[in-house]
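Below you'll find only one chain, the form predicted alone, shown as structure tokens.
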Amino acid sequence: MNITVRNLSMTYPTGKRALQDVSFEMQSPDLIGLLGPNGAGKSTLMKLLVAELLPTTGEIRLDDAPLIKNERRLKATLGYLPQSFGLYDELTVWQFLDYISALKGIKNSRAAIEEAILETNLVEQQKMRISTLSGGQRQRVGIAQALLGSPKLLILDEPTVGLDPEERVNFRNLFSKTAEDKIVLLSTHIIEDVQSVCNRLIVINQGKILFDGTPDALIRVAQGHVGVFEEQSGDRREQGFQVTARINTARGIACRIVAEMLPTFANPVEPTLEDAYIYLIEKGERLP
């Protein structure tokens, strides 16, 4: 499967411009992390990719054919978890997944449901009404419905929200395994989720793509722009940098900072992916 996004822009009827001249390509297998602050345009982009919205300008092509003419084919190969996903509280987990299977036209629905329940660790909850589930369990049901039928394209918006650390690790491994022969687009605010499994990152802000490449390449961009210094009581140093962490030590507070030009009192350190992401957003310019 190949998906090409060309010069995509989206302006809502209110006048809000959500996306501006966005272009990129996805080809299976691929596990892509989509990063960006709130309001960056991530959810709008995903809605366009699943044909929930039509772009103002530009186009999306599925295997070199216009998406608008291949919507039925897209739906047949798509697994989608939006950020706000409605569940039918009166149904059991099994009943809900059976209903989604019917909507997707999955032929061997029983086997598909059993596999999704097993993958999302919902065996003990499969006969429970959705109204009785915890927030994390409901999120797992949302992931399970996206996985039904082994879709070739999996688009997940904040899939690990509400999950405990152990569950997040399990799902990161599941997404990584799923992407061995599929396209998986994972939108999240949790840097650990993309750092652990994604081979490619797309960073978007204010409707524009700022970076498209590997995590290692993004980290290299921040080399020389991350430092640490010890903040003493009453310290009033001139700013010009972004403090990303403050840690109490025996000598005072160790401050980790990101800056275009590090101050002389800061010692350069190796950037993390989170440091690089913050640096990129603060810089606000597209990187080559």
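Just so we're clear, the structure is a prediction, and the values are computed from it rather than from any experiment. One-based numbering along the sequence shown.
As for the form predicted in complex with adenosine-5'-diphosphate, it is not shown, yet the points below apply to it.
Let me know the one among A40, L62, L48, C255 whose heavy atoms come within 4.5 Å of adenosine-5'-diphosphate in the model of the complex, would you?
If I apply the 4.5 Å criterion carefully, the residue I get is A40.
Work out which of S109, Q83, Q195, Q95 lies within 4.5 Å of adenosine-5'-diphosphate in the model of the complex, going by heavy atoms.
Contact check passes for Q83.
Contact test in the model of the complex: A18 vs adenosine-5'-diphosphate, heavy atoms, 4.5 Å
Although adenosine-5'-diphosphate is absent here, A18 would touch it in the model of the complex, with heavy atoms inside 4.5 Å.
So, Y12 and adenosine-5'-diphosphate: in the model of the complex, are they within 4.5 Å at any heavy atom pair?
So Y12 counts as contacting adenosine-5'-diphosphate.
Choose one stretch from 66-74, 244-252, 30-38, 257-265: the one whose residues place a heavy atom within 4.5 angstroms of adenosine-5'-diphosphate in the model of the complex.
Careful reading of the contacts points to 30-38.
Quick one: name the residues from 156-175 with any non-hydrogen atom within 4.5 angstroms of adenosine-5'-diphosphate in the model of the complex.
Heavy-atom contacts to adenosine-5'-diphosphate in the model of the complex: nothing from 156-175.
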